[in-house]
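Okay, so here's just one chain, in structure tokens, the form predicted on its own.
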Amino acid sequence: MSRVSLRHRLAERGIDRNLLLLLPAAVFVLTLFIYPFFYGVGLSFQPKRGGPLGAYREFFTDAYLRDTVWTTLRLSLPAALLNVLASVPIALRMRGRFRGRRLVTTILVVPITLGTVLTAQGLLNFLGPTGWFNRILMSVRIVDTPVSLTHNYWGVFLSLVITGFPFAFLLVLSYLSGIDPTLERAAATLGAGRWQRFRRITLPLLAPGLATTFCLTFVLAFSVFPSAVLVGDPSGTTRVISIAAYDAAYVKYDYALASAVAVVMGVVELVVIATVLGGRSLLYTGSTSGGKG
């Protein structure tokens, strides 16, 4: 009786008892994400000197720190864009059925299992000064000296493309599978060519998915750290913002500055994401839940 009355009392207050199942997940998110986030924001306003905004002032007045934002954007934006653009034609081809489809899909997503450290090691072995790539070029006398593709911008960029492409490919493929193929077949019967069908039907319906995929791959690339150290130049051309935060926290032990760098990092990501999601409406103004008719 008491159990029934409790259910009725909760129902009268508009509370579904099943929602209580979300309580453990809510506590988990609050403990491991929400609280650390606000703690870090509060810590960024408690520097040892310069007042509440001292850490932010130090970041934006120090060119060595401030330039890490541009360096990270210069790596993450092109890498995310390339991953998305490369995923579209491959996902379009993989949407159909053909022999070896599962094998090709497996090969394309294998880098997910490698991790950034193993990927960086592979790049060093293959593209390094004494790697296979340079040895082949020099053996056939295409170049006289090794091509510099590691410990610089290109090493980090290639690492971001290799590790980020599988995520972009799987996301784009899932969004494409949600577009009703009868829409394209109907357009074909009306005389629309392949490019017209893609530009007027597939692309507008795919735009929300492309925007979301770009945002996720951008966030993944913007937080680059191991690649920038292992195959980049962490004190020079690939000194990204995550390295600046690490140095502030664990080299200088200035936790207020490290928190301020992390906050700036989050703000930059939010600005890019808001810009992309806002521009999505230029291609598509309908529902973003899928493309099936």
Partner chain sequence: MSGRRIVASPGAWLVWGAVVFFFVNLAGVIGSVVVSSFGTRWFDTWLPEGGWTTKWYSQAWDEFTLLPVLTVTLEVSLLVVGVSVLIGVPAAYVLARRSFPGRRLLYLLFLLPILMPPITYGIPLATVLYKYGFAGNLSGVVLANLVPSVPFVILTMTPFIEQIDPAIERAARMCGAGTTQVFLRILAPLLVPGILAASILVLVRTVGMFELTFLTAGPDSQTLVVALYYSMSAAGIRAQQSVDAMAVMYTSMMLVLLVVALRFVNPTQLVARVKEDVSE
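What you are looking at is a predicted structure, and each value in this text was computed from that prediction instead of being measured. Residue numbers count along the first chain shown, from 1.
Note that the form predicted together with its partner chain isn't included here; everything after this is about it.
So, residue 119 and its partner chain: in the model of the complex, are they within 4.5 Å at any heavy atom pair?
The answer is yes: residue 119 has a heavy atom within 4.5 Å of its partner chain.
Can you check whether residue 204 is within 4.5 Å of its partner chain in the model of the complex, heavy atom basis?
Flag for residue 204 set to no.
Please check if residue 132 has a heavy atom lying within 4.5 Å of any heavy atom of its partner chain in the model of the complex.
Yes.
Does its partner chain come within 4.5 Å of any heavy atom of residue 181 in the model of the complex?
Because a heavy atom of residue 181 falls inside 4.5 Å of its partner chain in the model of the complex, the answer is yes.
Should the three residues 106, 225 and 262 be counted as contacting its partner chain in the model of the complex, with contact defined as a heavy atom within 4.5 Å for each?
Every listed residue reaches its partner chain in the model of the complex, so yes.
May I ask you to list the residues of 157-179 that have any heavy atom within 4.5 angstroms of its partner chain in the model of the complex, in sequence order?
Residues within 4.5 Å: 161, 162, 165, 166, 170, 171, 173, 174, 177.
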